[in-house]
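What follows is one chain in structure tokens, specifically the form predicted alone.
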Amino acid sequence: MNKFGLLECTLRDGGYITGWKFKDDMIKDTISALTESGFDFVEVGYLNNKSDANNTTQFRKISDIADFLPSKRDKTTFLAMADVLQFLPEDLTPYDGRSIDGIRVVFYKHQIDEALRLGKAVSENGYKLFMQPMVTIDYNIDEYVALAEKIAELNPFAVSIVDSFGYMLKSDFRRYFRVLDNILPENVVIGFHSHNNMNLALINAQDILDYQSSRNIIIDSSLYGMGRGAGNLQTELIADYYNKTLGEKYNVNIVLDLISKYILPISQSKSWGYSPYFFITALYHCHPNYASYLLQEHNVSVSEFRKYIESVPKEMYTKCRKPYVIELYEKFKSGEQIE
């Protein structure tokens, strides 16, 4: 990888749209095509110790992924994500070069201890360790410094700044970047994973590619922005921008062929991407699932949704379970006092 690298995560983040149900042929073809088109990192799905099915990008064992990877890897690093509740240290098997090269450990603020244990086990088993603390902006700077110091002890391959709710500004990224840059060893890569609730993903990514730093940086993206809610940074857009500003590296024609063959057909029956509902959740710094869950059950106007979000107790902005979202809406509609 050069100073900047792109990480393609359609088969993982796009799985929120399909329940991680993709045909085996599509999984294999997509990984092969993304490798051919020059992507530095390809995330092939989730590790989930409960999964035991075909035609899915949720894999019960690391060895289950090997058959989907191309024999010619070129310069691509293959990754899978592990949620601390779905894949445990004892589920790991030692790196043998036949399956994935690295594991991204994803976790919320209340799961730091579990994430550090899993991260340590990932490294001890020979994989490149990527740490992915969700909702970065939920940490104040002192908390983020403390987290960075703990992660630094693991000497990971990369640590990502994650804009889970899609409202981080360029200045927010730089603030958290400076913390990581000051604390992490020089060899550790810093990543950025964004969502498009306010259509800021491409703006922030372009700024990062223009950012003056000696640190290696990875930017996440997905085909056609496929991902939960407002979706992600679009692979085709950031790859094209990279080519035009930093030199030809990624084959955008191959990316467009993948979108045409696999992603657009999915978009005809499943939806994702920017909407005023996700804009409102970002505007109030709320979890986007307040929109996703509510719109699954009720036809709510944009104006009504805004008033509903205003009724959500602030301490519940980042805590979102579907029964609570629906119950809260029913209280809102009836005029009942919300606590």
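From 1 onward, residues are counted along the sequence shown. Computed from a predicted model, the values in this text were never measured in an experiment.
Form predicted in complex with another copy of the chain: not shown, discussed below.
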Query - Lys244: touches another copy of the chain in the model of the complex, heavy atom cutoff 4.5 angstroms - result: yes
**Report entry** Any non-hydrogen atom of Tyr277 within 4.5 angstroms of another copy of the chain in the model of the complex
**Finding:** yes
Query raised in the report: With the partner left out of view, is Leu85 within 4.5 angstroms of another copy of the chain in the model of the complex by any non-hydrogen atom?
Result: no
Report task. Give a yes or no for Lys75: in the model of the complex, does one of its heavy atoms lie within 4.5 Å of a heavy atom belonging to another copy of the chain? Result -> no
**Report entry** Option touching another copy of the chain, based on a heavy atom within 4.5 Å in the model of the complex, out of Asn216, Gln111, Ser99, Gln206
**Finding:** Gln206
Report task. Let me know the one among Asn199, Ser123, Thr93, Asn187 whose heavy atoms come within 4.5 Å of another copy of the chain in the model of the complex, would you? Result -> Asn199
Query raised in the report: Which one, 77-85, 179-187, 229-237, 149-157, holds residues whose non-hydrogen atoms are within 4.5 Å of another copy of the chain in the model of the complex?
Result: 229-237
Query raised in the report: Within 4.5 Å of another copy of the chain in the model of the complex, do we find a heavy atom from each of Ile62, Ser71 and Val135?
Result: no
Requested in this report: Taking another copy of the chain as it sits in the model of the complex, which residues of 124-156 have a non-hydrogen atom within 4.5 Å of it? Please list them.
Outcome: none
